[in-house]
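Take a look at this one chain, the form predicted alone, written out in structure tokens.
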């Protein structure tokens, strides 16, 4: 059986200052953040819903029971560079601070997908869920409250959860999807404080049974004009930009004639701003002219397609 280091990348205990900074830097995702935090709190801290009901209704209202049997799965779906992975890796910090218990972030390693040997993927996934259950089932504290929680992140989830309806699907891949579903079901049945986050560029490729189990599906889009302006304003604090220069930059990073798509968040954070800083360093100050020159010379990342 595979050992934990082979199954997961470095485990992160939250709250964590680096994760907090990363979470706060994700502008333009406020609506997703708000719902995600509520959904996660209800799954990772189950008694909080009853506490809410008692506080505002002085009883346990039946409406709360609608949340009782939900599977602890979130689907993060959207194009490359739209913030899926960054949010998946950092939202647990905010939740940990809200519920007052540490959350352990486990990110499934690519090695867990195995080499294709018969039964290997099934064993690896079973071992991964065994570890998640072990940590999530740590002895509760006073009043039977759990003293920790777990987030299991599976990035590029379509590689593990690809639809079994595909006629060309290999038997081992089908077995892997079955193992994933069994793992999810085990967390649901035991009602452990654990959440599985499946991030994918291809929502349509995810197996229907996995999609049905998602407590919530969050769709990530490329930033619109308002979101790009907010992101650029945040990124360029301390840089003197005139209003018209910022407006020109927002326009240059959006859809243009001949390019029906704009910049992704990753394009702004990881390509545009670093390239502009390098263009100014070490002899000039960073200004709107440099930023606009770089923005018009870079190519926005093309949308992901199934053929890519």
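Numbering follows the first chain given and starts at 1. Bear in mind the structure is a predicted one, so any value in this text is a computation, not a measurement.
We do not show the form predicted together with a small molecule, though everything after this point is about it.
This chain lacks the partner; the member of 229, 120, 79, 131 within 4.5 angstroms of the small molecule in the model of the complex by a non-hydrogen atom is 79. At a distance of at most 4.5 angstroms from the small molecule in the model of the complex, none of the three residues 11, 14 and 107 contributes a non-hydrogen atom. The small molecule is not drawn, but in the model of the complex it has a heavy atom within 4.5 Å of residue 201. The small molecule in the model of the complex is not approached by residue 41, whose heavy atoms all lie more than 4.5 angstroms from it. The small molecule in the model of the complex comes within 4.5 Å of no heavy atom belonging to residue 127. Contact annotation for residue 296: none of its heavy atoms lies within 4.5 Å of the small molecule in the model of the complex.
Partner contact region in the model of the complex: 264-272, out of 53-61, 249-257, 264-272, 66-74, criterion any non-hydrogen atom within 4.5 Å of the small molecule.
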